[in-house]
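To begin, one chain is listed below as structure tokens, in the form predicted on its own.
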């Protein structure tokens, strides 16, 4: 009996699902769960991490993420407007900044902020200590990516919106603030939320600044516990705590994308 193309695709899809499930079951059955449990899932080691894992490490990770995001969003908006400016030096500066900081590793930027700036300006320091250094270090890199995202959102707003505002007597700055930017941010909210997720994971680089017990973040906290307990269970706990932050954000992104699709 000859199957129709639609039924043939359905058969192939079901067969793919079955093969995938069989492979997963085979891998799970072949694993030595006793040794895995002793290595990665020791409850006594995990229990020793609390409540500090939440009250200090997770809290600091969230604070670092939010501070860097606010700094990066503010600077990214300025860079996006400069990138779209009719003034050539503004465009040149914004383009050079974006290309530079998108090409540099975040770890290198953090290192230069933490150690290069104090050497260059010995009589001055970044306000906020480690929190200020993390805000600037991660925010400078994030701003380069956010600037391009915001620029794309501004360019996605029909030009007729700005032209109509100008014909009503609005100045160009007022039209941008009142008409264009609100629409642009509605467009770019999902990718900006993705940037928060990336910043959350980038906080694992904060260790390069030499954090203390009160400014420690999840990855450094897990690494220190691993060294003291000689067991990798803390890394699993840290991974789960990262998921506590990133999974709700991922769900938020999907919800925003579905909402934007319905509106379109």
Partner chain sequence: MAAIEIGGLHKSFGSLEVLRGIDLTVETGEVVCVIGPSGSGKSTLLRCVNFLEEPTRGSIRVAGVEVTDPDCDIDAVRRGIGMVFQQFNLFGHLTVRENVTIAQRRVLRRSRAEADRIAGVNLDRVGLADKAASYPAQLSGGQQQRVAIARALAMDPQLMLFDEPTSALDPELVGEVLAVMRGLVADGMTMLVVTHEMAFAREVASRVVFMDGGLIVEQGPPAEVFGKPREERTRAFLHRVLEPTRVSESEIGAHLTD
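Remember, predicted model here, so these are calculated numbers, not experimental data. Residue numbers count along the first chain shown, from 1.
Keep in mind the form predicted in complex with its partner chain is missing from the figure; the text below concerns it.
- Item | Among the candidates 168, 96, 120, 87, the residue which, in the predicted complex, approaches its partner chain to within 4.5 Å (heavy atoms) | Here the answer is residue option 168.
- Message: Please identify the residue among 155, 194, 74, 178 with any heavy atom within 4.5 Å of its partner chain in the predicted complex.
- Response: Comparing distances to its partner chain in the predicted complex, the residue within 4.5 Å is 178.
- Location of its partner chain contact in the predicted complex, chosen stretch of 179-187, 123-131, 144-152, 106-114 [non-hydrogen atom, 4.5 Å]: Among the candidates, contact is made by 179-187.
- Message: Just checking whether residue 78 would be counted as a contact of its partner chain in the predicted complex - the rule being heavy atoms within 4.5 angstroms.
- Response: Answer no; every heavy atom of residue 78 is more than 4.5 Å from its partner chain in the predicted complex.
- Task: Indicate whether its partner chain has at least one heavy atom within 4.5 Å of a heavy atom of residue 174 in the predicted complex.
- Result: Residue 174 belongs to the contact set for its partner chain.
- Query: Applying a 4.5 Å heavy atom distance criterion, does residue 100 contact its partner chain in the predicted complex?
  - Reply: So residue 100 does not count as contacting its partner chain.
- Sequence order please: the residues of 60-97 with a heavy atom within 4.5 Å of its partner chain in the predicted complex. None of them.
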